[in-house]
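Form predicted on its own, single chain, as structure tokens, below.
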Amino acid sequence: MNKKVVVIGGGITGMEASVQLSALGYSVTILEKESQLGGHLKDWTVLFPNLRKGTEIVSFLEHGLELQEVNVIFNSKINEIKKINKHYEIIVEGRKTLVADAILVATGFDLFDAHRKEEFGYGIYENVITSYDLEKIFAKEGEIRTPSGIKPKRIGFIHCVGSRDEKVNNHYCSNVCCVTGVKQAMELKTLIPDAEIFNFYMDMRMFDTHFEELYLESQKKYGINFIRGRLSEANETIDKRIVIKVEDTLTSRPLKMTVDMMVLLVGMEPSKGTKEIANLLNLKMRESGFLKPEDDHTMSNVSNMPGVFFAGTCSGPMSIKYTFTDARAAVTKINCFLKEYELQNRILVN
């Protein structure tokens, strides 16, 4: 076909889309800003709902890229993107200019910076960590210890940190935080059977297949406690434990508890890379900062710029399963565009 597609972002969205595009006969190049592929998934130990290893998926996709001979350029900093006639020229710092007949933006998400919620004590109290920090603890071999070095006997999970929060201007749900809290609580209970584990939530949003079953299993089999309430205050004791104050919104009563470790379930935000590429390409963005499609129903992967498409969490929070689905949907749109069907589709929709 001699058509070239440049994929910006080497997370699982960009990897899956690249494999599929190459299988259709297109020449595909991935531009990845880091020194390795996989995005956030490479740092995740096991995944819900079946607790398979995250590295298995990354390895599977890497194998696909090798089979399809997809070109990957690591440590890529894009300085400029020019539209010239029907194609784009992408100027990568320190490298030659790439020509693309179509561009797929797959720049992913950033985790919410928990330092912004000072009242929760992240970065202030040693044993207040994030769900991402907990994954790093899981990745280490040996007994689970808090950052201060003790074996935790009581652990509290705080849901919706940086999501559905007017104070930090994030009004949306991050989609995966609730099930992440369930999964991590079950992992901790398996590793520390005598630990007491509490999840403090606004409401449980277990929307996908098997998620509700996982939620029920965590209570019946693992004895995880769930309390509907919002954290109002956290303080550190002299022995580095965390005193938390919560309003139990089911009983309308205040609750005070001391935990050995508090885990903040941080949500998704538009990535810095998404904002940078949006500025370079003049892409429309939602108020939230995620990319905005031409039409939410019929053209959800199509940007306002002809020949530019996007997929995955650069357009909003989603789980791994739906990230794969979205990547494949974007491939279909790109294929239609390069076969000049997309132009007709735009005319019909508009």
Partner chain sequence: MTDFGFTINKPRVIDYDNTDKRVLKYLLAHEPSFNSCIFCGSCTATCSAGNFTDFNIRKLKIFIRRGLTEEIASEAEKCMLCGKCFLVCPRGVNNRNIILKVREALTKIESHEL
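Numbering follows the first chain given and starts at 1. What you are looking at is a predicted structure, and each value in this text was computed from that prediction instead of being measured.
Here the subject shifts to the form predicted in complex with the partner chain, a form of this protein not shown in this document.
*Asks:* Do Met257 and the partner chain come within 4.5 Å of each other in the model of the complex, heavy atoms counted?
*Replies:* Met257: yes, in contact with the partner chain in the model of the complex.
*Asks:* Considering only heavy atoms, tell me if Asp165 and the partner chain come within 4.5 Å of each other in the model of the complex.
*Replies:* Asp165: no, not in contact with the partner chain in the model of the complex.
*Asks:* Since only the chain is shown here, I'm wondering whether Ser252 would be in contact with the partner chain in the model of the complex (any heavy atom pair within 4.5 Å).
*Replies:* The answer is yes: Ser252 has a heavy atom within 4.5 Å of the partner chain.
*Asks:* Is Asn79 near the partner chain? Define near as a heavy atom within 4.5 Å, in the model of the complex.
*Replies:* Asn79 lies outside the contact set for the partner chain.
*Asks:* Which one, 223-231, 178-186, 131-139, 71-79, holds residues whose non-hydrogen atoms are within 4.5 Å of the partner chain in the model of the complex?
*Replies:* Every other range fails; the passing one is 223-231.
*Asks:* Taking 4.5 Å between heavy atoms as the contact cutoff, choose which of Arg154, Lys240, His210, Arg95 touches the partner chain in the model of the complex.
*Replies:* Exactly one listed residue reaches within 4.5 Å, namely Arg154.
*Asks:* Which residue, Leu111, Leu216, Met202, Ile150, is the contact with the partner chain in the model of the complex, using a 4.5 Å heavy atom cutoff?
*Replies:* The residue in contact is Leu216.
*Asks:* If we check the partner chain in the model of the complex, which of the residues in 163-188 reach within 4.5 angstroms of it by a non-hydrogen atom?
*Replies:* Sequence-ordered list is empty.
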